[in-house]
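Okay, here we've got a single chain as structure tokens, the form predicted alone, with questions on binding and movement later.
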Amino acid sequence: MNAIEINGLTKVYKDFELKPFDLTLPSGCIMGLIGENGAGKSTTIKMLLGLKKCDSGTMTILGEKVDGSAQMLRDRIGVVLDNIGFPQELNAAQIDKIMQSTYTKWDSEKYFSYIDRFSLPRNKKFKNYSKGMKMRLGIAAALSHNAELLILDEPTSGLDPLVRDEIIDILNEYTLDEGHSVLISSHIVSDLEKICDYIAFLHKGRLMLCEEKDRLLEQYGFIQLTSEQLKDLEPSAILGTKEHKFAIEAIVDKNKIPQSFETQPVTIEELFIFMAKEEK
């Protein structure tokens, strides 16, 4: 069973259109949903969660069709959105009491272990938390009711590198259980490259690619060439280019260029930047 299946999903606003796309997250894997701000990442996540209605297409989470609301899946999904929505006057200890009556599998011991691991005060009001503290509290809660799927929207945004690394370690621990899956969106591509099995790249409302990370890193590479050499390459082999004074840098599909070209490894962040510039 796949953790998430999306088919033909669309959403149209006055000034933005999420064009039809398909996406599959296999069970036991982590998928990074990358793209610039305004690319459609949060819109996609909110439609998955039933917080926004799609214009067309179908969505399935953990084998259940999403139809207007993901409420039926509440116990099976852990969610962290960019705006953590806990009541402002409550502290971490009081939030634990609320969660006990919200989730059938809420684990207070696990929750407080994350609170301590994240160095969060138990008795400080949520409204007095910093942005980073609020995000860490949201992640602690999402991980504490034995969810099968985590859906995280920009969870490392605004956090310092040490805390971001800690969150990455926790997500890796979470997916050691092959029944656990993660969909995580971020514009901090380097974070996702460390942990993701799959990469989905949204750009201006269009899904540019969705592929296994290791296959992407194996398939694409950097080359330096002249403008004349560039003209001789198949257009479909070129993902993006950057012109310098004496040469052109390109990211290419290594399977579609002559073997005489020497390629260098490419990162997911470089793929993202070059493809976005080429599309622009």
Partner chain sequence: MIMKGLLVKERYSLLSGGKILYLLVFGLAFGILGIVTRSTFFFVYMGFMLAMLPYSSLAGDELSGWESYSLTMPCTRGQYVSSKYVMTLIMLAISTAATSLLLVIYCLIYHESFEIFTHMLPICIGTSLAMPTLGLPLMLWLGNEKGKVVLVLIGCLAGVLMSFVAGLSRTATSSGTPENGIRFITTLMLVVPPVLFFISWFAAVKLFERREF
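Residue numbers count along the first chain shown, from 1. Note that the structure is predicted; figures quoted are calculated from it, not measured.
This next part talks about the form predicted together with its partner chain, which is not shown.
Answer for Arg117 alone: is it within 4.5 Å of its partner chain in the predicted bound form, judged on heavy atom distances?
Looking in the predicted bound form, residue contacts with its partner chain do not include Arg117, since no heavy atom lies within 4.5 Å.
Does Phe112 reach its partner chain in the predicted bound form if we count a contact as any heavy atom within 4.5 Å?
Taking the distances in the predicted bound form, the answer for Phe112 is no, it never comes within 4.5 Å of its partner chain.
Might Tyr13 be said to contact its partner chain in the predicted bound form, defining contact as any heavy atom within 4.5 Å?
Result yes; Tyr13 sits at the interface with its partner chain in the predicted bound form.
Using 4.5 Å between non-hydrogen atoms, is Ser130 touching its partner chain in the predicted bound form?
Ser130 lies outside the contact set for its partner chain.
Taking Glu234, Thr263 and Ile273 together, does each of them reach its partner chain in the predicted bound form with some heavy atom inside 4.5 Å?
Checking in the predicted bound form: none of Glu234, Thr263 and Ile273 is within 4.5 Å of its partner chain.
Looking at Asp169, Asp160, Glu178, Glu89 here, can you tell me which has any non-hydrogen atom within 4.5 angstroms of its partner chain in the predicted bound form?
That would be Glu89.
May I ask you to choose, among Leu49, Ala250, Cys29, Met59, the residue with a heavy atom within 4.5 Å of its partner chain in the predicted bound form?
So the residue touching its partner chain in the predicted bound form, by this definition, is Leu49.
With its partner chain left out here, work out from 160 to 168, 205 to 213, 191 to 199, 96 to 104 which stretch has heavy atoms within 4.5 Å of it in the predicted bound form.
Going by heavy atoms within 4.5 Å, the stretch is 96 to 104.
For the heavy atom contacts within 4.5 Å of its partner chain in the predicted bound form, list the residues of 75 to 91 involved, in sequence order.
Asp75, Val79, Leu81, Asn83, Ile84, Gly85, Phe86, Pro87, Gln88, Glu89, Leu90, in sequence order.
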